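The chain that follows stands alone, in the form predicted alone, written as structure tokens.
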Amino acid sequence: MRRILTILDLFRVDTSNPDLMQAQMRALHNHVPLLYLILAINSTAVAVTHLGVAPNWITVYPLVGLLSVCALRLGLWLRRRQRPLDAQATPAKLRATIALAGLLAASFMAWGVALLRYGDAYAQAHVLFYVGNTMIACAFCLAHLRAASLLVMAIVVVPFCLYVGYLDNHVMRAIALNLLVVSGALAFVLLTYHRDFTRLIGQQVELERLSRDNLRLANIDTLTGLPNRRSFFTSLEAATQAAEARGDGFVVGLVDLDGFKPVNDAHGHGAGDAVLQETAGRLQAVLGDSGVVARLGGDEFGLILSSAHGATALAKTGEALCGALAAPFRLPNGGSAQIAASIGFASCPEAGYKSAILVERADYALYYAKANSRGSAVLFTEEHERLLRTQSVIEQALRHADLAREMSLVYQPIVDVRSGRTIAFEALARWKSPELGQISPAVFVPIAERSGLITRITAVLFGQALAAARAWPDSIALSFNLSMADIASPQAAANIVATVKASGLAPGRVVLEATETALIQDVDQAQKVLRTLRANGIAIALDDFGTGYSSLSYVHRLPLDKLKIDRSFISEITTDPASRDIVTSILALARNLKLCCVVEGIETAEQARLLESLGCVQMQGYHFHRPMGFSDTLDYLDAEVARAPHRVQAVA
């Protein structure tokens, strides 16, 4: 019974394997038309040889009916080749193909047997050749559908060979026996082929699955599930091409989290990953189906808003995105984190139709947002275009500048108000371009940092500052500003130490200032660099304290000697209680951590007296003196010596 069921399974459609059925249908679409063509040609040839030999009702009429059915089916198969496969209808179509194959096989075989009684030995041999040759050709055309090919062989070979075997002709019996042997071998080949074909389809499906997985992995950010950088730029390129073809537009956005790195460093990478995942969810929740959200890397995300937005609508979208990211983030350890996000938008076609230009414009708008209105969204405008072109001109001038001749320093004193004596000068960069004239450091320093030119500038100016400091009394220190690039590696620290030693200036007279923004780019790396500098006797000051991402954890972890309170807290300190409270808190923090505190931006005697009453000792600002050239520092120090030892001369 089991063997019977196994044999019957050979003539059934394997509905448990949808991929195999789809492959069988695709193969049949290509091969069945050939099957009908072979049937038509071979059958017509046999009919021609029997015209006038056998009656027309046997020779012609059955053939016309059979060929009409074949022509109809051929037309249906040719039409289906132009249509996509219907997976649900495939099993029924395969079963219909098997049934029709069996019916046609029986009909053509019966027609051949009927003709076998007519004609001479040549005509009969033609019929034998026709049956065997056509059966083999049709079986191979149906080879991908095992049930159909085996059914055709079984219906044609077995009855035909039995009939021929009963004829009183030993030649025909030999031919029938030969046909049986060939058919058996053919059946074995077809079974083996079907097994290999099934295995091949399985392997192909698995390869396609792996290819899809690889493609998905290549285009999906595994942490957030969002499209990754590669996918984002592919989508952006497609969007620009479509927009240019249609003549409409869309918006590109770049999102950068403000304050993410402190969360990541203070709470661990697990917390940072949770914040990034939640950020992805919030961005998608705001945009919904109206845009694409992608993670470009780190804490930077890309947006493609699928349709053009007016400035008002885009501003509302930006507010919604920034508002969503400003809400507290729950951390895996049960705590929470408060961060914000800055966003840069660029509209197509206003900012261009090229994807690279759109991203460049959005990146500039993001940079502008972080520099001028952190935590908000900024749309790239014509004003930004003008600024960008100006900066490009400045950057090119910097690249071709004779730095040693064009760059210079001015020095602003830092005063100990208890003694009334200058204890240090801060070196401030100046640049006078032959083509552009005097360029403010607030303009050229950020450009130099973004273009990678800052390290060359630092090297030139640091050498000038060390040479100037050698001319000052040993009690006067040099305070010099470093950029992110200047503290990027141990090699950078080694270069600074080597430069100080080569200058002949005592390392203890050098104070290097770095901003919070520069130091938190890589806190671990910053720790290594600053420790190297301090180990060689160089002091470290944290500049612009209170304007970045100040936290006890950072101040405590970094090897610092001084905190410099930013001037933004000083301008209204005499009228704003909040400013006084902030300064008081920073002073208390500095005392607790045993750090010296320097207050910047003091412009009036009233500010100086109030700060002194709060406990400030070291101060800097126009109230004491404006920045001056090197030769003026010597005159300034001589005049200070001549003054009363505990009196500070105020200069408006």
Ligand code: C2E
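Residue numbers run from 1 along the displayed sequence. Values in this document were obtained by computation on a predicted structure and should not be read as measured data. Here, rigid core means the biggest group of C-alpha atoms that superpose within 1.5 Å across both forms.
Heads up, the form predicted in complex with this ligand isn't pictured, but that's what we're talking about next.
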| property | result |
| --- | --- |
| Candidate from 430, 557, 73, 330 lying within 4.5 Å of this ligand in the predicted bound form - any heavy atom | 430 |
| Residue (of 533, 115, 469, 482) lying close to this ligand in the predicted bound form, criterion heavy atoms within 4.5 Å | 482 |
| Partner-proximal stretch of 23 to 31, 43 to 51, 600 to 608, 64 to 72 relative to this ligand in the predicted bound form, 4.5 angstroms, heavy atom | 600 to 608 |
| Residue 91: touches this ligand in the predicted bound form, heavy atom cutoff 4.5 angstroms | no |
| Non-hydrogen atom contact residue 279 with this ligand in the predicted bound form at 4.5 angstroms | no |
| Partner proximity in the predicted bound form: residue 228 to this ligand, non-hydrogen atom cutoff 4.5 Å | no |
| 4.5 Å heavy atom contact, residue 215 and this ligand in the predicted bound form | no |
| Heavy atom contacts to this ligand in the predicted bound form at 4.5 Å, residues of 563 to 582 in sequence order | 567 |
| Per-residue C-alpha change between this form and the one not shown, residue 56, threshold 2 Å, rigid core fit | no |
| Rigid core superposed: residue 607 CA moves 2 Å or more between this form and the one not shown | yes |
